[in-house]
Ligand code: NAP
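A single chain, nothing else alongside it, follows as structure tokens in the form predicted alone.
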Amino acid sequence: MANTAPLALADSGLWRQEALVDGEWIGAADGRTIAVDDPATGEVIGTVPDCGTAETEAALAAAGRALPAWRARPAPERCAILRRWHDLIMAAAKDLARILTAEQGKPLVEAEAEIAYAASFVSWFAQEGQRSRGHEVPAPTADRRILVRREAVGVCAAITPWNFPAAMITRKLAPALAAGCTMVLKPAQQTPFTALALGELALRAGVPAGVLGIVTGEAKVIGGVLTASPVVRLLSFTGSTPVGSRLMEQCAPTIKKLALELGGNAPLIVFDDADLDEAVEATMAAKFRNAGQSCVAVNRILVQSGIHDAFVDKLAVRVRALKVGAGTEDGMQVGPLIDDAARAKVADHVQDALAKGATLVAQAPASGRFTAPMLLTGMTEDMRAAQEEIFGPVAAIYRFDTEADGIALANATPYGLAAYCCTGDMHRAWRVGEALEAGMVGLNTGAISLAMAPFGGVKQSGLGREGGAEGLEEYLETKAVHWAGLQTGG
């Protein structure tokens, strides 16, 4: 298979169109491939193998063979490899960003920011991986000792989404490798090339054969193998709640550990006492990053009556000024949605809202394959956009009167991933921060994703945490060692 990049890459070796199994780049056994297109143009930019059961099982077998030596390797040695991987990622940041924008569509400036964000997880876990500690429990008798060890879970599998094709990988892979686990990765079908480039850099950094496998292809086929395999002891998945629920069912017979980062319906509450300009900035950051295609993107903007009209006026100015276009063009702030289905879903949400009484207050210029950023007011809870993730550049405003009303509206969802609050009252910030039913809360900020902080949700938004010290814990098991019959001094 040709390894010619359609992009102007400084390092053409980063453009991989093969799967990674046992340290080797391979095609599918039957030769089948899947085409990957640029969402801004619809043009095919390359193909990847349509891997199936055989390739996935081969990657799992290699991960199983590589596990004993990798797990036994001293943590400082594993983490030194991670540090080299981090350095290689940062050195190749511009090439990686070009690949990411070509297959995902986000503006280059955002893609470069994502590469830096992705690298931050590698750097963080290269440090945190050396801090995994056991402890001793006081024993009930003099001839006994009780030691508590923290050991790698084993072979892990990860299924990652298309919206952040670099960061969602390193957020899973870095702690797994730091803990001493091996991993088989299934990247999103729409955005495999970023994953494969990261895999190439991991090999260059010294990750041994089999420790990391990357299989591309149909999610249903590969996911079925990963969930059924007794070799896999942990499955990490980022995606929708319905798919996460099915994966839980499929993992039940083999009792795997699960780390699930699922859907959200994030509220942002803007109180009357908020700094208006700061609230607008927080909203822009939390709503329009990646064209709204984020699980922590603000889905419902709840604005208190006293500040409602002034907030809408200021936000409308910002929405109209957004520049929409291909991510490779200078100055673009909002790129395309990932595919036709995504565009259709956003259009349906907007039409449903308008039919039920919402008002389109502002819209940025956009045409062709690009979805225009919009500002809707008069939103109500019976609209689809109130119950489902919009996953697009539509800011939807809901009006409320009292603090209790705002909290009730914010929590009126089965999801609990992220929530935001803008207020100038310190006491209110504490009250509301504690009352919001979410795994993450942003107070006077729209940016809550950092490598050193735990990331994850409650309710139907998932299980477990990524990032922070908690992110390493997901890949560790606890073992109690009871040592009896010790001789006492004589």
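Because the structure is a prediction, the values reported are computed rather than measured. Note that residue numbering follows the sequence shown and begins at 1.
The same protein also has a form predicted together with the named molecule, omitted here; what follows describes it.
Transferring the named molecule from its position in the predicted complex by superimposing the surrounding C-alpha atoms leaves no ligand atom within 2.4 angstroms of any backbone or C-beta atom of the displayed chain; the site is open.
Contact with the named molecule in the predicted complex holds for all three of Met168, Gly263 and Leu417, each having a heavy atom within 4.5 Å. Stretch-level contact check against the named molecule in the predicted complex with heavy atoms at 4.5 Å: of 230 to 238, 201 to 209, 358 to 366, 75 to 83, the positive one is 230 to 238. Site annotation in the predicted complex: the residue of Ser120, Asn163, Thr283, Thr371 reaching within 4.5 Å of the named molecule with a heavy atom is Asn163.
Between the named molecule and the residues Phe271, Phe288, Phe311, Phe391, the one pair within 4.5 Å by heavy atoms in the predicted complex involves Phe391. Although the partner is absent here, Gly213 is not a contact residue: none of its heavy atoms lies within 4.5 angstroms of the named molecule in the predicted complex.
Taking non-hydrogen atoms only, Lys186 approaches the named molecule to within 4.5 angstroms in the predicted complex. The shortest heavy atom separation between Cys295 and the named molecule in the predicted complex is within 4.5 Å. At the 4.5 Å threshold, heavy atoms of Trp70 stay clear of the named molecule in the predicted complex, well away from it. Contact annotation for 452 to 473: a single residue, Phe455, has a non-hydrogen atom within 4.5 angstroms of the named molecule in the predicted complex.
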